[in-house]
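In structure tokens, one chain follows: the form predicted on its own.
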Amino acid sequence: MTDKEVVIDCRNVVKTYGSFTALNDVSTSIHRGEVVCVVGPSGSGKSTLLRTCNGLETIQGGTIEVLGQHMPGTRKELETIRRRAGMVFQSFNLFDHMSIRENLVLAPITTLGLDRSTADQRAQDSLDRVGIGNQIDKYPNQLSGGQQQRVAIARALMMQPEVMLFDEPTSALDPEMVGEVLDVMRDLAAQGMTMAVVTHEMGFAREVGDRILFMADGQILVDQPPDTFFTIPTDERLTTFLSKVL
């Protein structure tokens, strides 16, 4: 993948919260069309790394470049990055008082200036893409958790992003609902979407990831393709981690 365009480039990134260092000299790159899964114990900096790539967290050192723009840049540049780099969180963050259709068309109409007819069609297409096109006029509380998370993915797709950032998208779901969300993510990967995925789903990471990053104590300790990552772990911390999650 090294011959492809770098979509996200982190160099010597440092993120602190007071005296606590969440990211300690982190460097990595993600290329167009690549799926990179980020794993590690709780508190290792995984979600923080993802949030810095979308401007949700500021950094105290190093540089981050997303789709050719340096972070954080101006407010307008940051808004551009967030349109081009969609993000899906653990919680669905849907507006309960609005229908699924209204949840989806809100941002494209207000930020992209789409007319209502175009936005409605894009909403239907996005929901069809995640397999719940028939739910467009329901409300969030009428859907299962897995369906709500698929709506959240469809909402991100409404902006026609070039890269998708997933922050543990299945961690808030009941076990029987995890598979339907992972299937949507598999389809996106198969269609060539550039993806960075913080996940505890090791089977998904092994199957879909082009590379897997193992983080601990705010650092990337291992960056390898899945076959090597899972079968020939060379880091003691990784070996201990895998023994607990596999």
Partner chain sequence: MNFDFNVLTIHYPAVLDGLLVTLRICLFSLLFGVIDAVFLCLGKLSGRGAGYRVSVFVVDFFRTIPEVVLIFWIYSCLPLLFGARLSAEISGILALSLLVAANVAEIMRAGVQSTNPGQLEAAMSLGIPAHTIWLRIVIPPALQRMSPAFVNFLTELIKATSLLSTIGVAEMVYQANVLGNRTFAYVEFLTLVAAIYFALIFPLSLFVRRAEARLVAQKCR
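It should be emphasised that the depicted structure is a prediction, and the values quoted were computed from it without experimental measurement. Residue numbers count along the first chain shown, from 1.
We do not show the form predicted together with the partner chain, though everything after this point is about it.
Contact with the partner chain in the model of the complex, defined as any heavy atom within 4.5 Å, is confined among 130-138, 117-125, 170-178, 91-99 to 91-99.
Residue 54 is the only one of 44, 194, 54, 199 with a heavy atom lying within 4.5 Å of the partner chain in the model of the complex.
Residue contact check for residue 85: one or more of its heavy atoms lie within 4.5 Å of the partner chain in the model of the complex. For the chain shown alone, residue 111 is a contact residue for the partner chain in the model of the complex, at least one non-hydrogen atom being within 4.5 angstroms. At a distance threshold of 4.5 angstroms between non-hydrogen atoms, residue 162 is out of contact with the partner chain in the model of the complex. Contact between residue 155 and the partner chain in the model of the complex is found at the 4.5 Å heavy atom cutoff.
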